[in-house]
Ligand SMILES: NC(=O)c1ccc[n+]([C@@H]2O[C@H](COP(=O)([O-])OP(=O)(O)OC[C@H]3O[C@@H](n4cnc5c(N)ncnc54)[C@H](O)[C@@H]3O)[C@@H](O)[C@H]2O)c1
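Next comes just one chain, in structure tokens: the form predicted alone.
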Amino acid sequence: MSLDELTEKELPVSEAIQFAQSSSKFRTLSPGPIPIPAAPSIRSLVESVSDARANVDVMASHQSENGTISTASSTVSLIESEKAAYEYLPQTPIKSTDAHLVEFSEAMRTVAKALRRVAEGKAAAQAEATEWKRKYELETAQKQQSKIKGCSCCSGNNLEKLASQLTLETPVSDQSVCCGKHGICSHEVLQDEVPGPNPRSSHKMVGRKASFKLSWGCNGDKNGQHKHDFVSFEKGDITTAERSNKQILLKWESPPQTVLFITKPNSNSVRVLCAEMVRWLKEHKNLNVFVEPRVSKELLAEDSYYNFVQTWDNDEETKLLHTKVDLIVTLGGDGTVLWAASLFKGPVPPVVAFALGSLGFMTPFPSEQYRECLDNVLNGPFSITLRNRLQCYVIRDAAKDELETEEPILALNEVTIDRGISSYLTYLECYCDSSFVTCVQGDGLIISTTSGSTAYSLAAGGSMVHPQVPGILFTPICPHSLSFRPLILPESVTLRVQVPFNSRGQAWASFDGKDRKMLSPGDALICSISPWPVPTACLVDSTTDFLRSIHEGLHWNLRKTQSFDGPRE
């Protein structure tokens, strides 16, 4: 009799369970192949547990209907099987791991970290460039607003008069500041802010300086009727009807009182000429004379007559020289002019450079005719050349922010970034404002002013540029690429040269051939045009002096003329 037949006859549950157990025992004793059970999966265990629970519920319902009580042994066995299933569930089916999969996952994690760092570095560089551009635009806007607010002379007829004459008068200490839209103010060339609560009123030396005005001239035209630049939009065409050659004239409004002498060291001829010129200026022009401390000792050792000569004792007094000196006289070559410009971190007085050197791109005045030349300069008006300077900041990698920089360095000719004594190629990343320029791989890079275009930049393959052309020269030194040609960028840009972290060595920066500084990986150099140019006096005018210097100094395009006795047609 089977279990189904017993259930059809509605046997009691206890008897049916006992019969099922006895029948299962008999079935296990029957011959036949014994199947090997497979390893139970998690899903099968869950299903078995659920089926067991369902059977228990069914049996409990049948027992409640028939009024019988289930045996304790079956209930205990079901509970134990359920507990065993739940203990098996959290266990991992496969406990052994593959070493190759672990290594692969670690390698992928390392690659992900590297990509994240690259992305963060690129985003940081873009944000940094954007921030520098914002700071520059904000500073420019503040300067323009301060000039406009301080202007009280550019209104009504005064504005029309200034626009017609295209001149800009220099204010004295008790006058208002001009807006600077019609030319170049003398306070932009000479005057600077003096520390203190009220620098203009508290500092008395500014009032004793000789005032002057700069005007746009036309080949030295002295009648005051200067040409104007204007653009015609007639009939939809854009043309420049007339253009001035923008020769800048300096005219003294009050006579100069103080002259500073900067001389070439270790030269007997320069020492003798300096003593002669100082004596002549004191006796015939009654001018106050400032000299360097070294020159003062030399003059006093020669004769006690030179007791009237003044000098300075420390760097703090050097910072105030521009408030005392009306004119600078240099005796030497271009290096002497560079040294004179380096003494002034802010405004620079007009420079009269006498040629006592070898080349003389910035020294147009002959020393033999110093009396006539100084008379013309002291009486005025005379042409000047405004030579721009580079203002440079070194930002170290350890700096907390971009504002934490070293002292600014000014360069009249160029800034050179080279590899120094390292045998590796220089590796530099260059940015112009917020735009990436290039990666320099070679011996180095030259960032030059137009005045320095005839110096190191020219030797490295750069072009000769007129000193009054507003621009910055970007010249590589022996680049590791034949297509890397020099660039000329506008003067309004800010250049950033950075040594990347993956550079093999350091770089070295020098400014006009001195003040050499090491740039380690992560350091950066910021270069822009300084607001304080170096005004140098011209013998004739800016263009004539420039062409004379490249003809006589470089023998530019000097060759023999072809003979005229060739074949005739």
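Note that residue numbering begins at 1 and tracks the sequence as displayed. Please read all numbers here as calculations on a predicted model, not as lab measurements.
Omitted here: the form predicted together with the ligand. The next part is about that form.
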Exercise for the section: Sort through 385, 388, 454, 475 and report the residue having a heavy atom within 4.5 Å of the ligand in the predicted bound form. Expected result: 454
Handout entry: Proximity to the ligand in the predicted bound form, single hit among 291, 499, 353, 338 (heavy atom within 4.5 Å)
Key = 338
Problem - Contact stretch among 344-352, 319-327, 445-453, 109-117 - heavy atom within 4.5 Å of the ligand in the predicted bound form - result: 445-453
Handout entry: Contact label in the predicted bound form: residue 522 to the ligand, heavy atom within 4.5 Å
Key = no
Exercise for the section: Verify the contact flag for residue 514: yes if a non-hydrogen atom of it lies within 4.5 Å of a non-hydrogen atom of the ligand in the predicted bound form, no if not. Expected result: yes
Exercise for the section: Considering only heavy atoms, tell me if residue 102 and the ligand come within 4.5 Å of each other in the predicted bound form. Expected result: no
Problem - Contact label in the predicted bound form: residue 426 to the ligand, heavy atom within 4.5 Å - result: no
Problem - Heavy atom within 4.5 Å of the ligand in the predicted bound form - qualifying residues of 344-365 - result: 358, 359, 360, 361, 362
